[in-house]
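Presented below, as structure tokens, is a lone chain in the form predicted on its own.
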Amino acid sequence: MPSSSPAGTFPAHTPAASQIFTTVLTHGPLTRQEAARRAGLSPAAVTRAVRPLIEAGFLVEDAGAEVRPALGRPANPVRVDGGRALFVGLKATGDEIIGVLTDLCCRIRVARRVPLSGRSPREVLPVAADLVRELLTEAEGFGVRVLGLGIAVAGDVDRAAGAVRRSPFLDWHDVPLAGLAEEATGLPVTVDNDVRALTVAEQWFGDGVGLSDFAVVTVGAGIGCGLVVHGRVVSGAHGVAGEIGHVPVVPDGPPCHCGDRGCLEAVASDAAITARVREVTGVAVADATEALALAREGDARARAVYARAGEAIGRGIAAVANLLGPERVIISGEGLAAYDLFAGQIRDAFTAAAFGSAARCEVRTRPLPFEEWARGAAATAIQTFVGR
């Protein structure tokens, strides 16, 4: 399917240009002096980097918003023109694909959801291509080009190779997704793990802006963790850094699908909580929604299951804080629908298990709908476009 909006290229390819553009994108509007300070570059290097970006329309000088420095002549701040380009982000689950159309500042302009009737690549890819086609049609109304497509998938994803090595929710193994999607859509494609994609969005556009070290822990169908260390999203040598879901947190706890026992995911994922609620209450709850409703109705046994899950999550977050010492841990994911039932246990367990100064780590919750996971995918496409 050819794109109705042919792919463009970033107008300046020097490291300084990418660095300055990213700095203004995540922190702007900024004066050139402030951009130079934040990026650690000379004023002359910033001037050289900014000029082609303004000429290409990616940066805009706000002449009417002068900021007078302590010395010298007034300085006009520069900002990113978010409407200069559009990006598509897709999040694939086992049941549906969520798609968003964002601007260059990763603000969602259009969002769509489509169900999946099957999970194999030959069933998922045509649905994804149709959804991209629909979003490209929507993009025509904005009068600017779509410059990239990001796809977020749970599991072991090799971003550099554009391949899904293993996705348990889709039952995929070694799928060259980027190449297949590029052929189907005509767009440059970035494929990444869904939690890492969400972490990129938080680093560039969310609660991680300005932090050099933080973590995103997601709670829901699985337990995931995205890590930012010294300003870089960490994937590790084999792409599985941050696999907090399989950290043992309950000695001799329930069996996990990985073959171990007492893993965080075996205690605190939606499926684990639902199964445990069935076991202790004898009520045949069908899913996490029904398990949550039973707990909210006051069933003490169901509430105890959520309390145990909260304790496990708190210990898992403490393990991250003890190992990496992040400034902040952001808890997100669909499992936060039950946050009121285990917030206290998360905090108490974290405080008890965090060692020394690691306990100073800020733990912040950020409930996000699935559209935000698709936005994370779009953020990876923006990151690739900028060359960061």
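Keep in mind the model is a prediction, meaning the values are calculated, not measured. Residues carry their position along the shown sequence, with the first being 1.
This next part talks about the form predicted in complex with a further copy of the same chain, which is not shown.
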a further copy of the same chain isn't shown here, but in the model of the complex which of R107, R232, R296, H173 has a heavy atom within 4.5 Å of it?
R232
Of A111, A241, V144, A307, which one comes within 4.5 Å of a further copy of the same chain in the model of the complex, counting heavy atoms only?
A241
Just checking whether P52 would be counted as a contact of a further copy of the same chain in the model of the complex - the rule being heavy atoms within 4.5 angstroms.
no
Does the 4.5 Å heavy atom contact test between L101 and a further copy of the same chain in the model of the complex come out positive?
no
Give a yes/no on whether R196 approaches a further copy of the same chain to within 4.5 Å in the model of the complex, heavy atoms considered.
no
Just checking whether A44 would be counted as a contact of a further copy of the same chain in the model of the complex - the rule being heavy atoms within 4.5 angstroms.
no
Heavy atoms within 4.5 Å of a further copy of the same chain in the model of the complex: which stretch among 145-153, 258-266, 274-282, 176-184?
258-266
If you apply a 4.5 angstroms heavy atom cut-off, which residues in 334-353 are near a further copy of the same chain in the model of the complex?
A352, A353
